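Next up: a single chain in structure tokens, the form predicted on its own.
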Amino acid sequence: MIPITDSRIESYLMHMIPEDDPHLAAMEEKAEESGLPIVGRLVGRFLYLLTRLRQPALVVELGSGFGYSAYWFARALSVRGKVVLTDYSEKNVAYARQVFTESGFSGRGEFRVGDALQIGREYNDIDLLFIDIDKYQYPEAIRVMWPRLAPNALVIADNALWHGKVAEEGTQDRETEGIRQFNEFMFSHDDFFSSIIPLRDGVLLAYKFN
């Protein structure tokens, strides 16, 4: 495994961003206790910033867990925007719905239980697509969702550097190969302008040309 960021840099960045939102704190505590991975506060703030800049009407998340990243999107959305959450677990989706309701964002969320790729097919004119499902599914995810993106859409994918494994020549498990194929597609396709930000586990950001 190759470290993405120096732990001292990460500590410095975390020190710079105190957060007093009790819902975020509760979700971070839940993630630590359950072992369910979340994007974390550094990436969350990045998602918030991108959302404020783009002001999407429709955000679709492929893989929401219990709603941590979706909560960052919801905080940044205008009153006309909504984020679609998807997860196999009814328990996770119920928890996300509860958090959104308690925080006053219930009108900004649409909560779906089931296969993210099947659910994603139901939406069109997506302004912001967030991909955080099983890593081997990333290539299929972009093939399925690409025709459903609005002009000038943003595509954001978590774990784009996958613990540094994408740079290790001898690593060929299907999760790593899925991320490699996805990254290569996003950087080689004429419809997208892509970059990877080496934050946490790597965040791919792509702009879809009109």
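Here the rigid core means the biggest group of C-alpha atoms that line up within 1.5 Å when the two forms are laid on top of each other. Just so we're clear, the structure is a prediction, and the values are computed from it rather than from any experiment. We number the residues from 1 along the sequence you see.
In what follows, reference is made to the form predicted in complex with a further copy of the same chain, a form of this protein that is not presented.
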Counting only heavy atoms and a 4.5 Å cutoff, which of 175-183, 32-40, 138-146, 57-65 contacts a further copy of the same chain in the model of the complex? 175-183
Can you check whether H23 is within 4.5 Å of a further copy of the same chain in the model of the complex, heavy atom basis? no
Exercise: V166 in contact with a further copy of the same chain in the model of the complex, heavy atom 4.5 Å: yes
Tell me, yes or no, whether L161 is in contact with a further copy of the same chain in the model of the complex, where a contact means a heavy atom of each within 4.5 Å. yes
Within 4.5 Å, heavy atoms only: does F130 come near a further copy of the same chain in the model of the complex? no
Sequence-ordered list of residues in 93-128 near a further copy of the same chain in the model of the complex, where near means a heavy atom within 4.5 Å: none
When the two forms are laid on each other by their rigid core, does D190 show a Cα shift of 2 Å or more between this form and the one not shown? no
D21: CA shift of at least 2 Å between this form and the one not shown after core fit? no
